[in-house]
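Single chain ahead, written as structure tokens, the form predicted on its own.
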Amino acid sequence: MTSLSIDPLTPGIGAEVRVDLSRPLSDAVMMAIEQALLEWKVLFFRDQNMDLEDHKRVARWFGELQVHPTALPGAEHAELIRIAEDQEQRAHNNIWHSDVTFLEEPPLGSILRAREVPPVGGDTMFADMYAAYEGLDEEIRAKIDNATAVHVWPAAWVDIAMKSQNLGRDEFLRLYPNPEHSVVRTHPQTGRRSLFVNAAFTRQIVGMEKQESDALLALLYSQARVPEYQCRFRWQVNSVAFWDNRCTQHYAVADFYPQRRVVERITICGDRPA
């Protein structure tokens, strides 16, 4: 099989793909999945009876697997992040963001599998950051086209990473300096330009007074909240989402307490935004 059954969720972002990820797939099929990802930015797969090795195998076709810097060194299956959200944790992901942009080389993308879902709620929303950039007026685009912005670690994660890796603060800062990324990045495969700032990790546009930077960033962040740029996915057990972190943001809707959502994520290494 070299073609896939693809059903778009919206005209611009998100599509459901029918294929069995639990069995080995040919390079032709994987290339078709990659092309669908580049076109639709986030793909959804239902009823995937995958085990951990299947999950890794699919992700590894796209690149090296990333170990989150807060993971314990040498931990078994360190590439896997298990997220079990309850009342205390449910609000951690309900902010529009691209994953771990505080690294010098943020991820290419992530593959997330649902293990336990609430009967109602717990959807995830995705935003098309190509459209977010293209929807800006020419004056704003001219201001940001060659700009860079500082991305920073969440303070709580700094403490976790220092403890898990047995690092002092100076050594941590040497290994993980806060990077400056292009405000508008060019996708290395499609050549399209997308907005690459997010409310979770971006802090200031370089060379701009803080007040002006804050106002401009607030405007740029708001682009992810435009409904016409979004799709929304309702999870079922064994549903899988695969998003391109280079041109999307996502928002995990925290409306399911006192129920619980348990998901498992494997992330694919990326490159430095250009």
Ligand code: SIN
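So that there is no doubt, residue numbering starts at 1 and follows the sequence shown. Please read all numbers here as calculations on a predicted model, not as lab measurements.
The same protein also has a form predicted in complex with the named molecule, omitted here; what follows describes it.
- Picking from 207-215, 244-252, 37-45, 59-67 the stretch near the named molecule in the model of the complex, with a 4.5 Å limit on heavy atoms, gives 244-252.
- Heavy atoms of Leu112 reach within 4.5 Å of the named molecule in the model of the complex, making it an interface residue.
- Within this chain, His97 lines the site of the named molecule in the model of the complex, having a heavy atom no more than 4.5 Å away.
- Of the heavy atoms in Arg265, some are within 4.5 Å of the named molecule in the model of the complex.
- In the model of the complex, the named molecule sits within 4.5 Å of a heavy atom of Thr124.
- Among Val120, Ile83, Leu173, Val152, the residue placing a heavy atom within 4.5 Å of the named molecule in the model of the complex is Ile83.
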